[in-house]
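Below sits a lone chain in structure tokens, taken as the form predicted on its own.
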């Protein structure tokens, strides 16, 4: 199954926003039962999700539940009795043990863990290597900023402060170490399409293969950023074909440049994403 490029959050208590999200070009929609839904509306939000059309058409359907230990958790998990949903998004995960606990409680549904939302979470990124049912890891700056008591997550020049750059990098490395999809965090200004596109392209260059979105308008730029271009596909195919013709070679010349086995691995990933 292809990894989703765009993961679009939508409040689970808004039928209008849910309908718009499901009509979007997002690869995956995350129905949010956590931060975007007031405590008084969570029960109604669960009822809305339980009544969704079970058609398999459109984006993959995921649900962000409330954190482990929340009084809402048992009721959140009850909605997965329906086969409507592709997987569960776990907020405020602190270790692979949290994923293992949720996998046990949800019957081993695929899990997308958001792994940098608490102070303690930054020390457990390697523990996800053997977590059962884990399929993706993403990072979050807003909750981490609040947890750390920061006045802002940005430097004076408007760039992410070191702490949040570190969280982002650890999330990427942790996901790759665990063999699951690394997903970049949200770009908060949904009106700034140019800024979003630049950030998404940078994330793709670094190794992320998808990105969280908070508005349907962000889906197109994200999908474009994580879709290999025709030139990238052609170059990757040339590298793969060159090594196929010389399977015992460690280094080859391709279009006047020396390429080695790590380049082959990168080329194979490009072709896989292109499919």
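Positions refer to the first chain, counted from 1. As the structure is a computational prediction, the values presented were derived from the model and not from experiment.
Not on display, but discussed next: the form predicted in complex with coenzyme A (COA).
Picking from 220 to 228, 207 to 215, 42 to 50, 235 to 243 the stretch near coenzyme A (COA) in the predicted bound form, with a 4.5 Å limit on heavy atoms, gives 207 to 215. With the partner removed from view, the residue among 191, 130, 74, 104 that has a non-hydrogen atom within 4.5 Å of coenzyme A (COA) in the predicted bound form turns out to be 191. Taking the partner from elsewhere, every residue among 17, 21 and 36 has a non-hydrogen atom within 4.5 angstroms of coenzyme A (COA) in the predicted bound form. Put simply, residue 186 is close to coenzyme A (COA) in the predicted bound form: some heavy atom of it is within 4.5 Å.
Not displayed here, coenzyme A (COA) is kept clear of residue 61 by more than 4.5 Å at the level of heavy atoms in the predicted bound form. Using a 4.5 angstroms threshold between heavy atoms, residue 10 counts as touching coenzyme A (COA) in the predicted bound form.
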